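Take a look at this single chain in structure tokens; it is the form predicted alone.
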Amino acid sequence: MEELKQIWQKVLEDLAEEVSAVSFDSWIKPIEAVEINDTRIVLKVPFAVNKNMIMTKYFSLIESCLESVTSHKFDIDVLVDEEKDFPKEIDHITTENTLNPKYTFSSFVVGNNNNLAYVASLAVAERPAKTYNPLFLYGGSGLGKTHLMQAIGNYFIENYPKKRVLYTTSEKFTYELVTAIREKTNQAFRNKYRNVDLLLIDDVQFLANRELAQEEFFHTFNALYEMDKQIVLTSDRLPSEIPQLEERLVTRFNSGLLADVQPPDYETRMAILKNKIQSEYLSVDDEIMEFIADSIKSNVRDLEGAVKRILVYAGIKRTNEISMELATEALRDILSSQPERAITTKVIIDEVEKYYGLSKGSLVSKKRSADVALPRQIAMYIAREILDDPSFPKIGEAFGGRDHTTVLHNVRKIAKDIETDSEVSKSVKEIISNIKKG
């Protein structure tokens, strides 16, 4: 037995030179050599997924390294440790999903604000792990990221009934990990998350500052990626903008496709309202829908909430007629909290140029003179502070295609100036007030 340990240790050393550190830790290191004779060697692995990976990707390499170490060709048997493997838990993964059956591609309203995210999600659903892996959807709350993510999951369940789908949030992932550590069921936890064909993780920004969860998710990500399994993630911001997210996770999230979802424009808001009203079997005049679309510009969730509120109000009034008066009354509280106009980068630029008496287009030009430089920096800072989708690349693009690092530098500079320069602080406050007043 001691001889077998020595042989296998040398094989492991050779294998470590042939594969990446991630692959070695995930698939090779867990292998245990348990038996050997003149013609045969028996290897044991903890889970069926490990055996599958070895047989499909690493078998010939192990065979070659073993022959190199021993100068002898062996038949290799790979066994699964039945005490560690948990096939029953795997069978129930799909039933654990909390996918909303209403979240489908056909019920998603496509517009200029979400076209890339929609096309990418559909491509992932039709050709999993062949197009964009991982797919990273990002944008503000209530814009449809979860809808698209779950549409991918529902498409899988309908079209690939034998494939395993797991949808969860990063918060639930963290909670289950902590529970697994406390109850000493770490292997069952890993078996659950690493034996799926499609992993959907919502709100990955909540992994920030959770070192243990990030460590576990890093290995889960690697395991699935190595097996060509599809991963879809959502966040309220770009990976590089999630505070205290490990660089190795940022790198992996960036390795696929990043697709943003922005607030809907007027045409998309009208389409969303018509879609929602039809699904509720309502008949509402176009004039009322235009009123709602003009008044609520924030996100899809607020638009759908407005329709539900009108429905409830009509029920209270015991009427089937949706009048402008009823709609206005039902939405009074919602409308009072809505900004008077949609705030975009263009609106911010226009207001800053107006405040400083600059000619139109000055802030997006190549000018670097002092009279333009400070207002441009302030405009970038304000954009970062009040936009729904304040990513540095998008702000840079709006300011004449400037690099995101330039935006980052300017934002940080103004943030410091506000603390030390009362004039800058006063100007920023006045400009923001002017923007919100419209």
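Note that the structure is a prediction, hence the values are computed from the model and not measured. Residues carry their position along the shown sequence, with the first being 1.
Just so it is clear, the following notes concern the form predicted together with a small molecule, a form of the same protein that is not shown.
(Q) Only one of Glu226, Glu353, Glu304, Glu216 gets a heavy atom within 4.5 Å of the small molecule in the predicted bound form. Which one? (A) It is Glu304.
(Q) Using a 4.5 Å heavy atom cut-off, which residue among Thr345, Thr146, Ser295, Thr174 comes into contact with the small molecule in the predicted bound form? (A) By the 4.5 Å criterion, the partner-contacting residue is Thr146.
Q: Report the stretch among 345-353, 109-117, 217-225, 182-190 that approaches the small molecule in the predicted bound form to within 4.5 Å, counting heavy atoms only.
A: Contact criterion met by 109-117 only.
Q: Report whether the minimum heavy atom distance between Tyr103 and the small molecule in the predicted bound form is within 4.5 Å.
A: Yes - in the predicted bound form, heavy atoms of Tyr103 and the small molecule come within 4.5 Å of each other.
Q: Verify the contact flag for Val300: yes if a non-hydrogen atom of it lies within 4.5 Å of a non-hydrogen atom of the small molecule in the predicted bound form, no if not.
A: Yes - in the predicted bound form, heavy atoms of Val300 and the small molecule come within 4.5 Å of each other.
Q. Any of the heavy atoms of Ser141 lying within 4.5 Å of the small molecule in the predicted bound form?
A. Yes - in the predicted bound form, heavy atoms of Ser141 and the small molecule come within 4.5 Å of each other.
Q. Heavy atoms within 4.5 Å of the small molecule in the predicted bound form: does Lys276 have any?
A. Output for Lys276 is yes: heavy atoms within 4.5 Å of the small molecule.
(Q) Between the shown chain and the other structure, the Cα gap of Gly144 to Glu397 differs by 3 Å or more. Is it closer or farther in the predicted bound form? (A) Closer is correct, given that in the predicted bound form the C-alpha spacing of Gly144 to Glu397 is reduced by at least 3 Å.
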